[in-house]
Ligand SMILES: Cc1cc2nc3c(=O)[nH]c(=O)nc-3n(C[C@H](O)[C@H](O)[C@H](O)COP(=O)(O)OP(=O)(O)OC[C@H]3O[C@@H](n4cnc5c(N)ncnc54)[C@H](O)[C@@H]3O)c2cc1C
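Just the one chain here, laid out as structure tokens, in the form predicted alone.
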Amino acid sequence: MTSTTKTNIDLLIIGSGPAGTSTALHLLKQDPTWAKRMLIVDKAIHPREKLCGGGITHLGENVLADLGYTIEPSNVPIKEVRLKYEDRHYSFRGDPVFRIVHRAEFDHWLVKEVEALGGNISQGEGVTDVELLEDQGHVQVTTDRRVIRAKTVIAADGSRSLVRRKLGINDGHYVARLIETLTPETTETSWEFKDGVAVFDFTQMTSHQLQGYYWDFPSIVEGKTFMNRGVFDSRAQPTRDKADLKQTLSDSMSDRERELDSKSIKGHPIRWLNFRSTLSRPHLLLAGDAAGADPLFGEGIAIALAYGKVAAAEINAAFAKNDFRFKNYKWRIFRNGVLFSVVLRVWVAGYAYQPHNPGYIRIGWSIARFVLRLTPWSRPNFVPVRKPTANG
């Protein structure tokens, strides 16, 4: 039964994943007094498992660098990203191209950094109801412990956002699907570990009518080496029949002499950002997967961290002007370089994942290989990550 305890707060952040903690870190770094003015609640208790390939690109690392951080949890630096279609492939190279983290460790690290700055995070406290009381100037959030009245709420509660459901925010069928599994590997037998290679295989676009790709990511989980293997289905063309993700994963793993254990499969949806997406209401902002991620590759961590930067700027502006309508939030999002790139990816995904014949796709791959040679990503020594600033 919900307690009758009532809490009044300036800012309530629902969700302690990268979007929620990034918002908190940006606010706390700019003004330490936010420590007494905000609260983060999450039904989970860290470290908690989170389904995710774990890739964090330089876009996310640069957001952290601007906060004064480098990634501390164990991770696998990827020096080559190999994109494959049938017998054709080309690679992005860098030092690194991106890193693969274990989300349980990564998210827990961010939570501890928020707490180190004085931020209050209530773990194991689940939200059960949300009411937008605009005439009273706050949002009323009911949890399994109390009632919280906040001038502003950040809904960073994931693709299955309870806040969206409770407030009736429904933007249509802009939802991708993914499933994944972990297979134990050794660094001696896995060339992906030895060479620092992540594979994105798009062959299944024609063989299984997939609107996406199969992936192989070398990963470290609790100090042990695994391959994170999965299938991403963008659903960029929602009217097309859905691919059989389990069969696609099983066949792709068989090609790599691995057998799928059905009991080990995990899956979840990914909401992707759309031009028409609802991103705010008075006294309420959506962030991270609750707002929308990338439909082209399914990138989520870097996007979530960027949402935190934008949300923090919007919140500071709102309290400075005592105006909580958040009419500029979408404008701020589309002006942010990281998040604007997601908007571009929506457009690219709509074309890339249309039903094409194999010959058409092969022509596209030939053009892409040529274009890659004109970018810094063709150089193995390319370093896309900025050094941490003095902000930390």
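For every residue, the number given is its place in the sequence shown, counted from 1. Keep in mind it's a predicted model, so treat the numbers as computed, not measured.
As for the form predicted together with the named molecule, it is not shown, yet the points below apply to it.
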Quiz item: Does the named molecule come within 4.5 Å of any heavy atom of His208 in the predicted bound form?
Solution: no
Quiz item: Would Val127 count as touching the named molecule in the predicted bound form under a 4.5 Å heavy atom rule?
Solution: yes
Practice problem: Verify the contact flag for Ile270: yes if a non-hydrogen atom of it lies within 4.5 Å of a non-hydrogen atom of the named molecule in the predicted bound form, no if not. | Solution: yes
Self-check item: Residue contact check: Gly212 to the named molecule in the predicted bound form, 4.5 Å heavy atom
Solution: no
Quiz item: Since the chain is shown here on its own, which stretch among 87-95, 187-195, 286-294, 273-281 would lie within 4.5 Å of the named molecule in the predicted bound form, judged by heavy atoms?
Solution: 286-294
Self-check item: Heavy atom within 4.5 Å of the named molecule in the predicted bound form - the one residue of Ile121, Leu178, Ala243, Ala236 that qualifies
Solution: Leu178
Self-check item: Stretch 33-64: residues contacting the named molecule in the predicted bound form, 4.5 Å heavy atom cut-off
Solution: Val41, Asp42, Lys43, Ala44, Arg48, Lys50, Leu51, Cys52, Gly53, Gly54, Gly55
